[in-house]
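The data below hold one chain only, encoded as structure tokens and taken in the form predicted alone.
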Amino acid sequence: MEKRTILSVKNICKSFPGVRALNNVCFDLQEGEVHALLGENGAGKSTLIKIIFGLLKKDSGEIILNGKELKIISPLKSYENGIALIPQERTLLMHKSIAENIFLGLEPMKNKIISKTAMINKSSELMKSFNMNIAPETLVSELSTGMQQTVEIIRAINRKAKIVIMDEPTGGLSAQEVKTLFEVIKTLKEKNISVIYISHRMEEIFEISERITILRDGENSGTYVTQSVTKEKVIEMMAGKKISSSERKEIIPGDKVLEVKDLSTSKIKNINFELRKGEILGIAGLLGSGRTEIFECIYGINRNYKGKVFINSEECTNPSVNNAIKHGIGFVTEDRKRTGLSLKSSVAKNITLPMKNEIFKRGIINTKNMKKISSEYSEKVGLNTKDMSFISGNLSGGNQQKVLIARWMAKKSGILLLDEPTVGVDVNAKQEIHNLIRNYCSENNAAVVASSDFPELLDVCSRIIVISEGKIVKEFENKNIDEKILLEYATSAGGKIYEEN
């Protein structure tokens, strides 16, 4: 039985100064389906959903809901019409309880006073339908990222939403939280609620969606029944070309460049590993496993650790960020916008940020040298702009990540630490970043890649260590192993289920 179309988007056009963001885009959503919206960064996905929800005004075209054209579109009208948006960034009030967030703006009243009892009882009922077994009075700030997202979804359902738009909903979630989210989405489908699902993760798209619409350069590239296409075909349609990847070559390790001995903090225990020239070492672990803490100790952000760190056989007795940089270590953090880039600064300033000796002359910035260095390395990483004065915050996620890699290449860093290097970037940019890491290490450098994206580690690393609950539970040569094996160890409660090994 064919499903009823609940939402139709016809010939939507939208332009910004100098940019045609959407050109005659068409999209339709059926009742009770999960419809994936795919495209590279800058393809127009975010612009389209903002127009549907009313955050942006279309230049032309029609939006038809339940057979009637929507003449006035705004976030308030969208909620009234049963359309809710779950953005990438949480919109919850952290200092309020779950119940208060669910009923924000819809508080039940009794004698002109908010009825907390009614609010808590109704919240409890809604939460149970989503298998969320926790007190409604709990503060949102005490919840995990995954639970906070579930609260956002429940709030949308409480507003009688029949269409839920999810923009990169699994960013920052652990594997278990992703599994829980998919159960929540299954519950939405059972309630005949439709979902527009945006993600760069192909595995998710093929697991959760029924249909896929692909955008490329602001235009429709096709709509497909998910089971009728391959991942390779989808990627090709997104990029407009076949994406080729460099083969993972057999590594002949060189001299030892990094050694960590018995590294311990409040979150990690007795971490031991070494890294040699030419190697790409992977650290596989879920959110909160201790991956980032290891990098923060090596890079000198966290100086309060036990154990020893050796760089090129020299012990780091005075750990600091400046000393790490002097010893040839570069760090690409997991949150490029908050701790990686100066978003309001130019590409040139971001690339040359740690290069005081190369850029300053007698206390004055040598702008000619800055432009020369940044231009050279932006070209090496394939940045999509030749304008070094371009503001970094206006670049796509993939190009922002390339700026950070260019920074450490320009600094001639011999060791690169990359924490979740492709989070929030499209599949084309992801492959380009992988190739950059491979090429970087082929030039007698070395890298450590920490990620919860296990296929990424299997694609790019020569050796992988698995961390669970702050401990290394297993080390693998990247031969004859798969994602399932890594996940089993990463969720093994510190390796306890593998003690017999």
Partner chain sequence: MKKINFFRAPEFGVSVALIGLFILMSFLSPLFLSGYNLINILLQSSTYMILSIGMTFVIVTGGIDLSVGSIAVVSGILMASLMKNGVNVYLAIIAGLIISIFCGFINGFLVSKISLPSFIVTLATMSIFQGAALIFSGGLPIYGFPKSFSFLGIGSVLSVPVPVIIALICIIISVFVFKKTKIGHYALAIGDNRQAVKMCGINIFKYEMLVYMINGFTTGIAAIITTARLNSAEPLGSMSMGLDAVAAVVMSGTSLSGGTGSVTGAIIGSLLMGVLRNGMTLLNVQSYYQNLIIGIVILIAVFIDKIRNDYSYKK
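Not measured: the values here are computed from a predicted model. Residue numbers count along the first chain shown, from 1.
One more form of this protein exists, namely the form predicted together with the partner chain; it is left out here, but the text below deals with it.
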4.5 Å heavy atom contact, Thr367 and the partner chain in the predicted bound form: yes
The partner chain contact at Arg291 in the predicted bound form, heavy atom, 4.5 Å: no
4.5 angstroms heavy atom contact with the partner chain in the predicted bound form for Ala175: no
The partner chain contact at Tyr299 in the predicted bound form, heavy atom, 4.5 Å: yes
Interface stretch in the predicted bound form with the partner chain - options 417-425, 265-273, 314-322, 189-197, non-hydrogen atom within 4.5 Å: 314-322
Contact residue in the predicted bound form, from Thr385, Thr138, Asn220, Asn394 (heavy atom within 4.5 Å of the partner chain): Asn394
Listed residue (Thr180, Thr333, Ser78, Asn101) with a non-hydrogen atom within 4.5 angstroms of the partner chain in the predicted bound form: Thr333
Residues of 321-357 having any heavy atom within 4.5 Å of the partner chain in the predicted bound form, listed in sequence order: Val321, Asn322, Ile325, Phe331, Thr333, Lys337, Arg338, Thr339, Gly340, Leu341, Ser342, Leu343, Lys344, Ser345, Lys349, Leu353, Pro354, Met355, Lys356
